[in-house]
Structure formats: structure tokens, C-alpha cells
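First, one chain by itself in C-alpha cells, the form predicted on its own.
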Amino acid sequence: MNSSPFLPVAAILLGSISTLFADSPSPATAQKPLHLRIDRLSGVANSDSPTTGQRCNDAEFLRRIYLDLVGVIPSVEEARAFLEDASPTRRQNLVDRLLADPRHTWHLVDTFDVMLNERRTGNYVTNAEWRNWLHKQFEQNTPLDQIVRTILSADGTDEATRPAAKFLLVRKLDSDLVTRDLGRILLGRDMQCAQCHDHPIVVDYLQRHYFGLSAFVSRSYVFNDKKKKRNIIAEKAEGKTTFASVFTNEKGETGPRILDLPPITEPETEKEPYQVKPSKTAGGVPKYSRRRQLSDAITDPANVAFRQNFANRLWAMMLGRGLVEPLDMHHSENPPTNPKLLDLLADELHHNGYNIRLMIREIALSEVYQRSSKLPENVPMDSLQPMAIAELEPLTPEQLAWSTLEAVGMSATQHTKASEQAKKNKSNAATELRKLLGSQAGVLVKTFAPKSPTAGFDATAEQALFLMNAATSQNWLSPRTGTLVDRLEKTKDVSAMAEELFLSMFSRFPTDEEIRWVAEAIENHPQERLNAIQELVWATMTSAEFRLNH
């Protein structure tokens, strides 16, 4: 049996990940582990109760945890190894192994890239620069609040942190766009309507909240440094933030502030307020920068909205649905479905030093994460407790792309080359595989990505046509050495063929009925065996079971 090329790297890193978690400064170490407290508050700790749903079986857990932690389904070898593991701690062992896997770091890059920049491209910092910077942060397990502080304070002049400035530069320092996204993405509050007046529906979202955020960034602008041939973030030292309601004409003025927290106390304006005066050849650098205050203010412990927002987003990342939905509409009339649980997660995120790997691990070990997506027999839906059934969720475009390449065997065809390049470049196989198959994955991501940042899952005719006719997808069905079609064609025993197909696509063994289904498809077309195999691979690849995380 061939082992995954990623396992040796993961094994090396396993020695450090326990230390990583042990170093967390959580005061909760004297309490029960967080995952047990999650279960107590979620109400599914008693797995024997018919109203709390069923625990997912090992195959369901295997596929789900791979998708959620490393963004790709397991290889056939990885699936077999886990499904044949009789250890009582096999699930916890797998969670720890995947958290130490280089693919987990890339999955975090994919997730936070989409979360923070919502697939925006270009505008002064390339996606590659931004993603490589994110990769470095997650590889070093940089605390999440520190990452956000760097993103908001970087001005693009320091090469080390210039990629972090993409969050602001990609929005061209458009004050309204930046203000809205600060509220949506970092605070879980879409206050766009409060730009012109207090929100007409959400009584919590006030115009002064919107402009309190706007005041942090309204003095900043993009400056084209022609001498160094780059665009940077510059800032003026003056400029008041005023607003007026279009409904009542009531006028207001505010300094920088976060929601209802007190306004930032600002120093008296000096006679010469600039370190660098703004001119045609120089971007302004004030002695006192409002934008730099933002990075501290938004991550300040007093700002509960920040930690609640990211606790909710991490929960949604793992469970498929936030405790607050939509993720950016947290207000008193749309409260969390379980307020105590959100408070627990938010406080733990803060106390553990914004160690997101630790938070993800505890959620993964909870019983509520390990609920089956199947409705228990003879149990009415309305009698089930909240979160008793796992959410069915479409794979993200990135999960779909890398899982498809894994399932059809394209990843397998490049494993040897990826391992060789990893040795040569002192890298790892996961990173090199991304380089080798990135263009193919990119085509699929582009086809399946939603057309707008706020759009949800959207099945389109373009996606169907891609799977049916595109040269890329047809190439996946070719009998090239090492592909799934090639492996199936070389397998004479139909039961073994069915097992290889189902482990490749669904990370589980086939049922007797499914083996018969495969046998009929093959034996009924003895003269077109290759075509029958290709049809089987295509049918499973485009099935709902493959398309969904369940």
C-alpha cells in the first residue's frame, strides 16, 4: 500500500502541534476541555437521546474532517488507513494529524483569502504576494488579531508587510467600500444603509456607527510613488467626519470610534502635523494617524464584536452555518441561535490568544460537529434539538477543485514530481502540488465561484457544460497512467473496482447494491469497457454525494 506523500511531513509537524496547543494561555485549562463545554451548551452531549440526532459514522467523519481541515477529500490510501484503524482515539488522532498537515495551512489561506478579499484581484498587490503572506502567517500560527492589525496598519512602504496592505489597496481606499467591509467582515455588521441614515430596519445600526468607522479611513488615500513605481497608502492630517440624514436632515460629526465604544481620544493638532507633507512627489505621512488607531481599536478586548464575529465565522467554517446568519447581520433582532455558546467561543478565542488552530481543533472534537446529516428514523423533524443534524453544504469552489483533482487521480499522477520538487526547493509536497496543478484548479474555481461577493451557492448552466464538455474535465477521464480511469481499467475484479471507485469519490466502501450497480455497468458493455468506466467516474464525480459536504 502506498502512503500519502503528505503524511511524513505531517508526522514531523505532529511533534510540535501539541506544544502549539499547550502554549495557549487560556485560563480555561483548569476547566473541562472546550469541546466538552461546547457540547454541554449545544445540548447534544447526550448522544443516546433520539432528539439529539446520531453520531456520524467513520466514513462520514473522514470525508467531512478532510474537507474542513485540509480542503480536499482523502486519497484512497488515506481513506483505507483510517477506515481500517480500530484505535478508540482514531478521530482525535486524525484531527491532530490534519492540523499539522501542510494542506491545512493552504486551506486556511483559501478560506481567509475569500473571507477578507472576496475574490477581488489586482489593484497594486498581486494575489500571489497576498496569498504567500497569508501562508506565512498561518504557517507560523500567527494570532488572528495580530494578522488583522497588520492588515489594517500596513501602508505598503515596508516590503515585509506590503502584501497585507492589499485589503485596503484592492478597495482603492474607497471610503464607503472600506467602511462597509470593515463592518461586514471584521465586525459582523453590514451597516451600508446607515451611510445615508439610521438603518430603517435594523434599529441597532446607526449612522454615527457607520461614520465612526469611516473616520478611521476617510483621511487615507492611494498615492502613486512614481520614483519607486508603486502605489502606497498615504494619509492627510486633517479632515472632519460629518454626516446628515437624508430623511431628517439631522446633522452630526464624529471622530473615529468602534460602534458604541467611546470615541478615540485624539491629541491636539500640532503646528506641523506631518512627518512627510503630502505633495506631488510624496504621500502624506501624519504624525498622528487615524488609520493606525483602527488596527488597535478594532482588536481591542473592549470591542466584543470583533471576537464574536470571528468566533461565528470559525463556527460557520466548520459547521456550515453560523450561530448568527447571515454572518454579517448580527443585531438584537437577529441574535445568535445560541447566545451562550457564541459568548463561550468568543471568550475562548480571546483568552487563547486568537489561536485559530486551537479553536478549530476543539470544534472538530465536539459531538455537535460529529452529528450525522441523516435524519434519525421515526423521529419527527420538529422534535429534534437545534444542531442535532449536520448541515448539508456545497463544497466551496476551492474544495471542489482540489477534491475533483484528487478523486480522478490527477493529484496522484503528480505526487512523485511534487515530492522531488519539495526536496529540491526545501518545500513540501502540498505546496509543490499546488504549483503543478494550480492552473487546472484555477479553471474549476473560476467556473464555480459565485458571481458576486455576497452571492451564495449558485448552480449554473456554465458549470454543467464545463463538466459535460470542457477539454479540462474530459482530460480527467482519460486513461493516463495513474488516473482513476487507468486504475479501474487495470482492475479485473468488479468488487475491487467498485471499492476503488467509491473510496476515490466518496471516501467510503460501496454497499452490496452499489457493487451490483458497478458490475452491471461493466458486464453489460463488454465491448465498451473503457467507455463504461469513464461513465461511472463521470456519474459519481457529478453526483450530489460528491458535490456536498455532509
Partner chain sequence: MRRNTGCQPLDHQLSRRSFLAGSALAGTVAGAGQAIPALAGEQIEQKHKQVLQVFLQGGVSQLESWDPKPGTKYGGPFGAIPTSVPGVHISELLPETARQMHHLSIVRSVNIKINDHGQGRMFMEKGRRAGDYPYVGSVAAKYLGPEDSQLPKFITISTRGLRDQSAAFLGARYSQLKLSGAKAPDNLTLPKGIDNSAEQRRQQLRLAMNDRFASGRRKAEIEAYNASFEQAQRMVKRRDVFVAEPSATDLERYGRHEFAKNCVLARTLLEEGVTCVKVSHHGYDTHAENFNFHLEQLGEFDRPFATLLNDLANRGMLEHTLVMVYSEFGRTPKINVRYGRDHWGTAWSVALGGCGIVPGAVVGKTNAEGTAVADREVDAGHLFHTYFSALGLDTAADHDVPGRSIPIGDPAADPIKELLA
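Note that this is a predicted model, so its numbers are computed, not measured. Numbering follows the first chain given and starts at 1.
Unshown form predicted in complex with the partner chain; subsequent notes refer to it.
Peer 1: Would all three of Ser175, Ala418 and Glu489 be in contact with the partner chain in the predicted bound form, where contact means some heavy atom lies within 4.5 Å?
Peer 2: The answer is no: none of the three residues contacts the partner (heavy atom, 4.5 Å cut-off).
Peer 1: Given that the partner is absent here, state which listed stretch (228-236, 467-475, 302-310, 423-431) has heavy atoms within 4.5 Å of the partner chain in the predicted bound form.
Peer 2: The contacting stretch here is 467-475.
Peer 1: Of Leu259, Val114, Leu437, Ile389, which residue is found within 4.5 angstroms of the partner chain in the predicted bound form when only non-hydrogen atoms are counted?
Peer 2: Of Leu259, Val114, Leu437, Ile389, the residue with a heavy atom within 4.5 Å of the partner chain in the predicted bound form is Ile389.
Peer 1: Can you pick the one in Ala282, Val203, Ala244, Cys193 that has a heavy atom within 4.5 Å of the partner chain in the predicted bound form?
Peer 2: Filtering the options by heavy-atom distance leaves Cys193.
Peer 1: Using heavy atoms and a 4.5 Å limit, would one call Arg180 a contact residue for the partner chain in the predicted bound form?
Peer 2: Contact check for Arg180: yes, within 4.5 Å of the partner chain in the predicted bound form.
Peer 1: Could you tell me if Ala59 has a non-hydrogen atom within 4.5 Å of the partner chain in the predicted bound form?
Peer 2: No - in the predicted bound form, heavy atoms of Ala59 and the partner chain never come within 4.5 Å of each other.
Peer 1: Even though the partner chain is not shown here, does His197 get within 4.5 Å of it in the predicted bound form, heavy atoms only?
Peer 2: Yes, contact at 4.5 Å.
Peer 1: With a 4.5 Å heavy atom cut-off, would you call Asp458 a contact of the partner chain in the predicted bound form?
Peer 2: Taking the distances in the predicted bound form, the answer for Asp458 is yes, it comes within 4.5 Å of the partner chain.
Peer 1: Select from 529-550 the residues with a non-hydrogen atom within 4.5 Å of the partner chain in the predicted bound form and write them out in sequence order.
Peer 2: Heavy-atom contacts to the partner chain in the predicted bound form: Glu535, Leu536, Trp538, Ala539, Thr540, Thr542, Ser543, Ala544, Glu545, Arg547, Leu548, His550.
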